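Below sits a lone chain in structure tokens, taken as the form predicted alone.
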Amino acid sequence: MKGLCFLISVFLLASCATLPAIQEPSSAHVKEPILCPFPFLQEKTRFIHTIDVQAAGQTKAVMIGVTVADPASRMFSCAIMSTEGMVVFEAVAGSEGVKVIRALPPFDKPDFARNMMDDMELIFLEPAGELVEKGVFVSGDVVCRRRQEQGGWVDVVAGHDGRVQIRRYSECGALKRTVNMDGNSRDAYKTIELRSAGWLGYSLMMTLIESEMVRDMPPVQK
């Protein structure tokens, strides 16, 4: 019993961490007022990406992903297709939660849809929540930190190389997701890398095939 309690304690300690410290910029780091990196959508857009799923350092699957995201309503839809064109997963998310339209094995596992939609929201939509801190890391990278409405934290980081990184942490500061993007504009979505932390970590490499802004049709006048 003591051994079991010890293992549980070690696991709980490992699952929590201290958030990376944010400090005031020095003149050597930032010479102008800090502007938060903003790689997120500003208009409703449809994306088609190839998705390489990797685990244990090896490619496990190659799929096609179609995402439509609307930053105004914070609603979006995601579909995953095989390279042959078969839809294996489709869902929509918004203020009323997640609705699964189609989910074939192994995409029908519990919590897959919720985790998938949370990942897409992290990539495409500005984090919902209060901006609580901004400054620089010890490396000099500019960072803006938000407190998520549902708990946890999100850092949006601008690197010296022009790339943007998004990090999502748990309530107790453990890193859960890392998103690496090409920049701070529409080019950000050309190549997206999402990494899941933890013992069963995985990564998604998303390469853009095409994108287009979506214009909603006006209502028909009767």
Partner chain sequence: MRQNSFLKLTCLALFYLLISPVWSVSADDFAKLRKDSARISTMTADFVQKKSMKILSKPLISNGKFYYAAPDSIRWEYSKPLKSVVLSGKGQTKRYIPSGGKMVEDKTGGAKAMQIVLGDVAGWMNGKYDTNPAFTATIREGNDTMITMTPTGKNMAGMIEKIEIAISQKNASVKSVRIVESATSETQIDFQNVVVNKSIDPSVFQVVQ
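Numbering follows the first chain given and starts at 1. Note that the coordinates shown come from a computational prediction; the quantities given were computed from them, not determined experimentally.
What follows is about the form predicted together with its partner chain, which we do not show.
The closest non-hydrogen atom of Glu210 lies within 4.5 Å of its partner chain in the predicted bound form. Taking the partner from elsewhere, Ile48 is found to have a heavy atom lying within 4.5 Å of its partner chain in the predicted bound form. A residue is said to contact a partner when one of its heavy atoms sits within 4.5 Å of a partner heavy atom; Cys78 meets this definition for its partner chain in the predicted bound form. Contact between Arg114 and its partner chain in the predicted bound form is not found at the 4.5 Å heavy atom cutoff.
At a distance of at most 4.5 angstroms from its partner chain in the predicted bound form, all three residues Val66, Glu84 and Leu104 contribute at least one non-hydrogen atom. Listed residues Glu90, Asp141, Glu126, Asp118 were compared with its partner chain in the predicted bound form; Glu90 is the one with a heavy atom within 4.5 Å.
Checked against its partner chain in the predicted bound form, the residues Asp52, Glu171, Glu43, Asp187 give one hit for a heavy atom within 4.5 Å, which is Asp52.
The stretch that touches its partner chain in the predicted bound form, counting heavy atoms within 4.5 Å, is 104 to 112, out of 118 to 126, 104 to 112, 148 to 156, 133 to 141.
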